[in-house]
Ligand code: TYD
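One chain comes next, on its own, written as structure tokens: the form predicted on its own.
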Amino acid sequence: MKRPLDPGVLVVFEGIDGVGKSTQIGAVAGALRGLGIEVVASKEPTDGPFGKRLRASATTGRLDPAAELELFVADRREHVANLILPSLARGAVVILDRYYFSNAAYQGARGLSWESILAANEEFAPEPDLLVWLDLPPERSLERIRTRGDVANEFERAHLLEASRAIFGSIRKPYLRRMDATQSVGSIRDVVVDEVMRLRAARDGNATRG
């Protein structure tokens, strides 16, 4: 959807499972809050009713691709209306752990058209100001999952991760920044924080001229 003229900044972290999105979001959010900036950190699927059904399916068995996508879209519609747009409207930096790009990658890996998934979501969901794709080969991501003591779930099968990674690599957006997930947390944090500050200044300038 066309973004309203709001002062907020929308940042999305994407990538296959195990690349360090949660850790990186914590680092970026902490740095921005230290600068006195309001940060709203959230995730998809959410903890709402649709999101809970999706999370349960990761261990009990995945739904068919179309039904799975339908739940993701329903969850996202609530997320956009109840949290994302209101937070951006009051000037917060909204940081998301996954967004509709994950649907393109993961449901696309199961045979759906990833281009159509992007287009359908962009009819109602605001596009991010910054999309950070943390890239890591699946064998490295699965190693990280095992190292933290977790067992790969139904969304974390090696062949699906490889297909999902390939789709992430096919997405072309002017706001997408690919970052090597083997870099240090601090290195990635600093790049993202600098970019967020630049985006905030640009949106403040646009609002003033408007």
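Model, not experiment: these values are computed from the prediction. The numbering used is simple: start at 1 and walk along the sequence shown.
There is also a form predicted together with this ligand; it is not shown, and the following applies to it.
Put simply, of R144, R55, R33, R177 only one has a heavy atom within 4.5 Å of this ligand in the model of the complex, and it is R55. The closest heavy atom approach of N103 to this ligand in the model of the complex falls within 4.5 Å. In the model of the complex, this ligand lies farther than 4.5 Å from every heavy atom of R165.
Using a 4.5 angstroms threshold between heavy atoms, Q107 counts as touching this ligand in the model of the complex. Residue D17 is the sole member of 8-34 found to place a heavy atom within 4.5 Å of this ligand in the model of the complex.
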